[in-house]
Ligand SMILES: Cc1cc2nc3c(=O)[nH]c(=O)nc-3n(C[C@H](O)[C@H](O)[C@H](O)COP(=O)(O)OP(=O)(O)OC[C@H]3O[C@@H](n4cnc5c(N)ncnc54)[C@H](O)[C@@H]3O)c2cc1C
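Only one chain is shown below, in structure tokens, and it's the form predicted alone.
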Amino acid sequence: MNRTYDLVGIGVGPFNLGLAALADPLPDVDAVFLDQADEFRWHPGMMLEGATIQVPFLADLVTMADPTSPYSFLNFLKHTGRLYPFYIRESFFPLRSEYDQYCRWVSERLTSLRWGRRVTAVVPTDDGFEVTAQTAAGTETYRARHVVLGVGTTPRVPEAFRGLVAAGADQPGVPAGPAGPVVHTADYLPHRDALVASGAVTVVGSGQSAAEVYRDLLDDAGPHLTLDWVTRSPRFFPMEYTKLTLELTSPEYTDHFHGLPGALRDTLGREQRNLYKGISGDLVDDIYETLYRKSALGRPVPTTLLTDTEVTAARTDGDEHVLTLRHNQLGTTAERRTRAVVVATGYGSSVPGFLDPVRHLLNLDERGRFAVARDYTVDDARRLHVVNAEEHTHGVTAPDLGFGAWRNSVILAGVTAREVYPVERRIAFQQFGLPATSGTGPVDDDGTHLAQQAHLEEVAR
């Protein structure tokens, strides 16, 4: 086709959907967004009744960039007749199903979205890229000056569990034989009845999804259902939600984190997981209260909660799965039998195969991950952008819904060469390095102490 888009987005999750909504009113941005799905769906396997998102409603697709946007969550509520009930509810946190409805509402109003398009290749051209997509009707080609990769993450399955699924399966499902299902939380709801029917379920994982699944199954636990929860974390970490900690989701901290050596960033990434991968404190309390209530009523739950315990191996024996457990503090191992498993071990990102034709243009680190620049580009020409693939380079803001609109403002500034939406530089009260005026020793051009810089280089070595 002769038409050249300013921007082609690949993948339509919340972040690229927000980018599409922010680009929609701009007369100088011709954008199109491709996704292989037939419609917008956000974590359908975890749409548990009563579950909320873990950020306030202001962390919608657009508000933090443009509070006047017609695609805001509040405008969705007004158009659907639910603004006053939400107001009376007096909670900042929308239901997860409600957020999904909101995203669907926005997606139905945008003409730039193309569903049923599976991207197969991104090829470089003189002035950008050529994106090839496969559809039910054949092949389509889109020319673009900029590409924004928003394909999201895929379920991460520990090696121990991959042998439990049917041959050829890409992720946990119903294994061959009489044993019960082994499912990732991404597919929890479609398998819930089979999990309960198995009579013995083990939840493996430490975060919010593991806790939600455990709590959901807890109501069915009893004489006919044994329920275990195994996590390799030292304890059931609550998500830290104090105000100064929330300032880590700021432009300043992202600048600081991005400037650190890669090895130190990886270490901090592991240490900071409870900031956004922990469990809601209210949910932790609700789980305890439920266990206590059932115990006090003479109906104790047949359950075992194990912390600092890793599943190192798993096999199927007849109608049971046998898990080899290792306690990390004690160094001891034991086997435990179960009939079904829910793997709540999160998601991971990778460089998709359709980027192979432009792989020589990509900036990658020593582990083959995107070496994402501060402006979210991964090529020297600054035409290939990524969203939610930069946790290892940008820290906790990468998966944060509330920071998505800020990142999209930066991307649109790169596409248009102008700041369409104001990009805040400083929002935090605290500083994340030593201020140049209060330290000793020389500083470089950006105000960083050379002594600090030398220390960081030493840490990296």
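Predicted model only: the values in this text are computed from it and were never measured. Numbering starts at 1 and runs along the sequence shown.
Keep in mind that the form predicted together with the ligand is not shown, yet the notes after this line are about it.
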Could you tell me which of 410-418, 423-431, 41-49, 64-72 sits within 4.5 Å of the ligand in the model of the complex, going by non-hydrogen atoms? 41-49
Contact check for 181, 319 and 345 against the ligand in the model of the complex, heavy atom at 4.5 Å: no
Even though the partner isn't displayed, in the model of the complex is residue 267 close enough to the ligand, meaning a heavy atom within 4.5 Å? no
Can residue 12 be called a contact residue for the ligand in the model of the complex at 4.5 Å between heavy atoms? yes
Answer for residue 278 alone: is it within 4.5 Å of the ligand in the model of the complex, judged on heavy atom distances? no
Under a 4.5 Å heavy atom criterion, is residue 109 part of the interface with the ligand in the model of the complex? no
Proximity to the ligand in the model of the complex, single hit among 339, 117, 215, 192 (heavy atom within 4.5 Å): 117
Of the residues 53, 32, 29, 405, which one places a heavy atom within 4.5 Å of the ligand in the model of the complex? 53
For the stretch 323-339, return the residues whose heavy atoms include at least one within 4.5 Å of the ligand in the model of the complex, in the order they occur. none
